[in-house]
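A lone chain, given as structure tokens: the form predicted alone.
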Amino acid sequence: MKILVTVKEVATVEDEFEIEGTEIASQYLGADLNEWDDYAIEEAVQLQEDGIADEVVTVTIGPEECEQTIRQALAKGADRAVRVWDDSLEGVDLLDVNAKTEILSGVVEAEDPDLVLTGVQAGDDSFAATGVSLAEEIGAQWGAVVNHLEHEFDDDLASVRRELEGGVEELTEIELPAVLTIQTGINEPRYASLRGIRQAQRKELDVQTLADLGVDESAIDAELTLTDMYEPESESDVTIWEGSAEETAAELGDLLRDKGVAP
């Protein structure tokens, strides 16, 4: 079985920051591997360690600057990586779901994986739609928000547990080839060992252009425009009582009764 894992370098922001137009000032920004993708990588590597997967390949869309972040996936056990970049992507401010779907479907066609794992969402744009959109594009079965995956794959069926709304979970089987979007908590992502980090520098990281993948440049014309960026206002309603435990307990009891929390 070949597993393809989509990964992304996402922006991280300091606690205190400033917004300039529709961007956060660069001095407040950092970069890291997307948290949800880290869980997807771990699940793929575990499948390989269990003898289910023969090869784990990662794919990312990003410039050369993101390679060091993406090599974290190689350091944790992925066999090789594909990075997609093109001069036509240089000036794109917002790569929407449709564009990502077109590009990643080109990689799927070239790699022909049995299983594609993606993070549920990206920590920066939070679109949370690429995995399902990719599945629809390539005509594969899909399962979203997967928080448990059985490793047997009997009869080419993936037995998964999905997280639904309101704390409800669904147990279902999904026929391969399939795309699963992985939720945090499905496993405990490993730290890359020093040996793994050294090996990652020698693993193959293939750079593909849109033309290499047969993707027309018009596919990256975004239908979305970023018009504004602001820090959401937070609201709080805090009551502080001062005095002895007996006095404050009585006042807390009155408040809870007023709010209908206590009889």
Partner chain sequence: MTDVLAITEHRRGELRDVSYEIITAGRQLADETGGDLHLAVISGTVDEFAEKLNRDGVEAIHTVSYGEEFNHDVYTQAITQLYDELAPQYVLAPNSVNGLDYAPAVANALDLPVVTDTIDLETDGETLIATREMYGGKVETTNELEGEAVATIRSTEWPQSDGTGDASIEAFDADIDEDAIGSSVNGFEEVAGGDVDISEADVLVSVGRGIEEEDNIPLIEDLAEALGATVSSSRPIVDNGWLPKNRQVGQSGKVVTPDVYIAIGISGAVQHVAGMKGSDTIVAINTDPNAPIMDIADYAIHDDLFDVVPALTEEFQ
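Between two forms, the rigid core is defined as the largest C-alpha subset superposing within 1.5 Å. All figures in this text were calculated on a predicted structure; none of them were measured in a lab. Positions refer to the first chain, counted from 1.
Below: the form predicted together with the partner chain, not depicted.
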Inset, instruction - Would you point out which of 84-92, 111-119, 70-78, 167-175 contains residues with a non-hydrogen atom within 4.5 Å of the partner chain in the model of the complex? - result: 167-175
Inset, instruction - Could you check which residue among 204, 235, 50, 65 gets a heavy atom within 4.5 Å of the partner chain in the model of the complex? - result: 235
Inset, instruction - Have a look at 31, 211, 229, 197 for me and say which one sits with a heavy atom within 4.5 Å of the partner chain in the model of the complex. - result: 229
Inset, instruction - Considering only heavy atoms, tell me if residue 150 and the partner chain come within 4.5 Å of each other in the model of the complex. - result: no
Legend entry - residue 225, heavy atom within 4.5 angstroms of the partner chain in the model of the complex: yes
Legend entry - the partner chain contact in the model of the complex: residue 193, any heavy atom under 4.5 Å: no
Legend entry - Contact flag, residue 2 vs the partner chain in the model of the complex, heavy atom cut 4.5 Å: no
Inset, instruction - Note that the partner chain is not shown here; using its position in the model of the complex, name the residues of 113-134 with a heavy atom within 4.5 Å of it, in sequence order. - result: 121, 123, 124, 125, 126, 127, 128, 129, 132, 133
Legend entry - Large Cα move at residue 233 between the shown form and the other one, threshold 2 Å, rigid core: yes
Legend entry - Is_shifted residue 12 between the shown form and the other one (CA, 2 Å cut-off, rigid core): no
Inset, instruction - Classify residue 139 as shifted (yes) or not shifted (no) between the shown form and the other one, where shifted means its C-alpha moves by 2 Å or more with the rigid core superposed. - result: no
